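Taking the form predicted on its own, here's one chain by itself in structure tokens.
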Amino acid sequence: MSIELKNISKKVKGHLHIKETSLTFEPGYFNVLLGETGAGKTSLIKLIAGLDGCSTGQILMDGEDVTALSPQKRNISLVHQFFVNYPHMKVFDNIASPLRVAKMPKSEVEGRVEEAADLLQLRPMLDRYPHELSGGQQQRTALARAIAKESRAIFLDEPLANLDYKLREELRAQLPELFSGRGTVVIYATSEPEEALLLGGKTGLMSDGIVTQFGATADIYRNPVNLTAAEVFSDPPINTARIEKKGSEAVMAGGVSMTLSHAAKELDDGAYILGIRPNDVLPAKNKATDIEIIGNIRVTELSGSQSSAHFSFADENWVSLAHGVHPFDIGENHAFYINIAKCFFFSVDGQLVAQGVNNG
């Protein structure tokens, strides 16, 4: 089973909501759509699921053209971020509803519902109504319904967004295992880069209605094709600064100079944009070659075992994200250190032209 998109697009009142897109989604792992709110993730899912019609192009499922078919005839399941369950039905009947619509024998319905309930630890709740469940249990019910249906494709549109932190962590860890080995294409939409990394598989980076890059999640994280892709796959946002290269040296905005190496050293002289992720901007020096910059602290935050500091540097707003507890005072000037091996180098129009070594 696979889903192939051939030059699909969606135009509404003359405006392109989804720009021409060609992709192939395969089973066996999560296919993640990653982008900010409004990037087009839900719109693309609606096209693939058949909830909206395409303006151009074709959608193939296992080689079959399903572009004109209804969602029911495509045999898909969709799980939203909101708990979509039938309030007048008990959990058992909620899970069984699509199977009964398909007129499956009673014994098969019972077997599938119980199997899905066991997978999602819902068996003790089968005789309850949705309003008697917690938020996590309600979302588990929606997931169980999708699993029991044994659809050709399952679309998960930010399914954990409305759960508390603990439940999100718990379900996020379970999801890959729940869908493994089922031969189902799983497409998962999220706005959280960390979630994409944890789920693994393949990721499509979305921005302004188009998939800017698609491939193995870890590869895309390490090798963004352009600044837009790097921005999508960075939370907090990637730090950027203008640099002027001359020979093997470069001067960053703010007068900070650095010695370039490897591919960056071979670039033509001229202006570039340097990018570095917040977790590679540290308040303490790790290596003798680390480059020191001085930033004025604007906002600080301690979250679990991480310290973040928002600071101004050379008329830019930068962020440092470091493990451990680091004291910062608002308004103070503080030294931060960056490793040239962790830097990306973009042309002034945003295309990746070089990156530091060991950029993992």
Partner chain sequence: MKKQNQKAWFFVLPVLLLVAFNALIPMMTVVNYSVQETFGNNLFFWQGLDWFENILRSERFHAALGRQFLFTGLILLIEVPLGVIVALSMPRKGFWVSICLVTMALPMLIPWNVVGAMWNIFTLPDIGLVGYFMNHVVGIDYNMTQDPFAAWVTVIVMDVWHWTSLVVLLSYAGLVSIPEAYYQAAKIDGASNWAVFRHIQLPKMKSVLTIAILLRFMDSFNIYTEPFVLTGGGPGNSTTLLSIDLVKIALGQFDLGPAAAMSLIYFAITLLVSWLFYTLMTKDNTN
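Since we're looking at a predicted model, the values are computed, not measured. Residue numbers count along the first chain shown, from 1.
Same protein, other form: the form predicted together with its partner chain, not shown, and the subject of what follows.
None of 263 to 271, 91 to 99, 104 to 112, 117 to 125 except one has non-hydrogen atoms within 4.5 angstroms of its partner chain in the predicted bound form; the exception is 91 to 99. Think of it this way: in the predicted bound form, its partner chain has a heavy atom of just one of Ser191, Thr240, Asn85, Gln213 within 4.5 Å, and the residue is Asn85. Scanning Lys166, Lys246, Lys287, His131 against its partner chain in the predicted bound form with a 4.5 Å heavy atom cut-off leaves one residue, His131.
In the predicted bound form, at least one heavy atom of Pro71 sits within 4.5 Å of a heavy atom of its partner chain. Using a 4.5 angstroms threshold between heavy atoms, Leu78 counts as touching its partner chain in the predicted bound form. The shortest heavy atom separation between Leu60 and its partner chain in the predicted bound form exceeds 4.5 Å.
Of the heavy atoms in Val299, none are within 4.5 Å of its partner chain in the predicted bound form. Taking its partner chain as positioned in the predicted bound form, the residues of 40 to 71 that bring a heavy atom within 4.5 Å of it are, in sequence order, Lys46, Leu51, Pro71.
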